[in-house]
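First, one chain by itself in structure tokens, the form predicted alone.
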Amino acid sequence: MLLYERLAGELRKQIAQGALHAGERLPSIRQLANGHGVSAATAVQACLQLEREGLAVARPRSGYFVRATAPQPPATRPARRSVPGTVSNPALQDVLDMLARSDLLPLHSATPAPALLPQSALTASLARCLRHDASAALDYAPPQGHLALRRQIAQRYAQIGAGVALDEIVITAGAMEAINLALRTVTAPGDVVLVETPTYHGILQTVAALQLKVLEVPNLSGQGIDVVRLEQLLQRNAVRAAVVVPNFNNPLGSLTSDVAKQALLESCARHGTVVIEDDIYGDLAWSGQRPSPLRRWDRHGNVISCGSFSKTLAPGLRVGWLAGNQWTDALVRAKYFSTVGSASLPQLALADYLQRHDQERHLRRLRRMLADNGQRLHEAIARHWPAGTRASEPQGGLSLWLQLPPGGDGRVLFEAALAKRIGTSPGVLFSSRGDYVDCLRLSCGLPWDERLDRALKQLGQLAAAAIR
């Protein structure tokens, strides 16, 4: 037996006997080498062997940790809304009330913490724009947005293999305005819109505000959009538009395969359904491999692409965009009639930042941190939450979706957590009719620390009390 195999066997035995607990840090490489009389290279090989076996996980700049037994993924359930209907979910109002609070540990907020974002570099870009061209920074922007930023966005699409013309990009106030403008442009009140279930509550609120009817297609944990069910729904219903999040759906974090994406596009083109893609999480693949947006396979000119810098650079600058395809002129008019144009200073500052800095380097660090946070959340749930709690296995994005054991109520847990100043998002927010009562969403966007570990333990205790 090789030395590293012998050392791995000793560590494996300690884990099996409980001497090393789930989530506990393994001895450092130096400690292993000195304590067992082996080289550092042998100690590294032993840890890598445990990682291959699924017994250990490496964390950047922290070492190796004992991997917790992963909770089972949430149970798949059919979408209850099989015919078009209105969004009828009073719980959506709770979102606005919660966002107004600044005293919560923000496990309800699917945004990265400021510490994970390049604040100093962005601050410098904002100052530079004001110092060098205050007139442009403080003046109205063109309705379509500043050329310098639109050029950076077009270059990014080219880098990921999706051809988007510079002239079809429209700058918006975040991805939500982009989705809103797209729906206002291609639909009329009473039209039917297809959305995923579960899906981001902001999409549901927009559909409701525009007086549209909704159909729901399942998004399956670990698989993405159910394109077989999507085709069935389109055959039975006249659906004007589909608002989809194929890359790391919020709240499941699931990734729709390339084959399924192409099937989705073909189905929608065949039935005359416009596709509005929200690709806001596409850059946050935990594996580091950026998935392609739908535009890569759009052979029919049938996709309006929406994106934002809110999840990767600066939520508060509120800068997003549309790639409008054949609807670009109508979208520019809609933008002008809505807000004239988005604020100039944030646009120019982001263009300056992107010209001066390696965005991919920042994204690599951010992805590693989010993946590490997601793993730690999994471990804390395995340690502290009631037996039978299920958790999604996100492939990217910022969300972790939980299903409580039978009898669990995410609304009860939400209220109890608020009393402890911990924010969560109850599952009922992610359905047009208030389904997923036994579910909730947590954010992976907070750097792990003792406060967060204590909060997860406290939430586990509250979750046990929320089981009827």
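All values reported here derive from a predicted model rather than from experimental measurement. Residue numbers here begin at 1 and follow the sequence given.
There is another form of this protein, the form predicted in complex with a small molecule, and it is not shown here; the text below is about that form.
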For this session: Could you work out which of 245, 242, 264, 322 is the residue within 4.5 angstroms of the small molecule in the predicted complex, going by heavy atoms?
Result: 245
Problem set entry | Residue (of 373, 308, 389, 256) lying close to the small molecule in the predicted complex, criterion heavy atoms within 4.5 Å | 308
Exercise. In the predicted complex, which of the stretches 167-175, 136-144, 375-383, 338-346 has residues with heavy atoms within 4.5 Å of the small molecule?
Worked result: 167-175
Exercise. Does residue 157 reach the small molecule in the predicted complex, with heavy atoms at most 4.5 Å apart?
Worked result: no
For this session: Although the small molecule is absent from this view, report whether residue 280 comes within 4.5 Å of it in the predicted complex, heavy atoms only.
Result: yes
For this session: State yes or no: in the predicted complex, is some non-hydrogen atom of residue 200 no more than 4.5 angstroms from a non-hydrogen atom of the small molecule?
Result: yes
Problem set entry | Close approach of residue 271 to the small molecule in the predicted complex, 4.5 Å, heavy atom | no
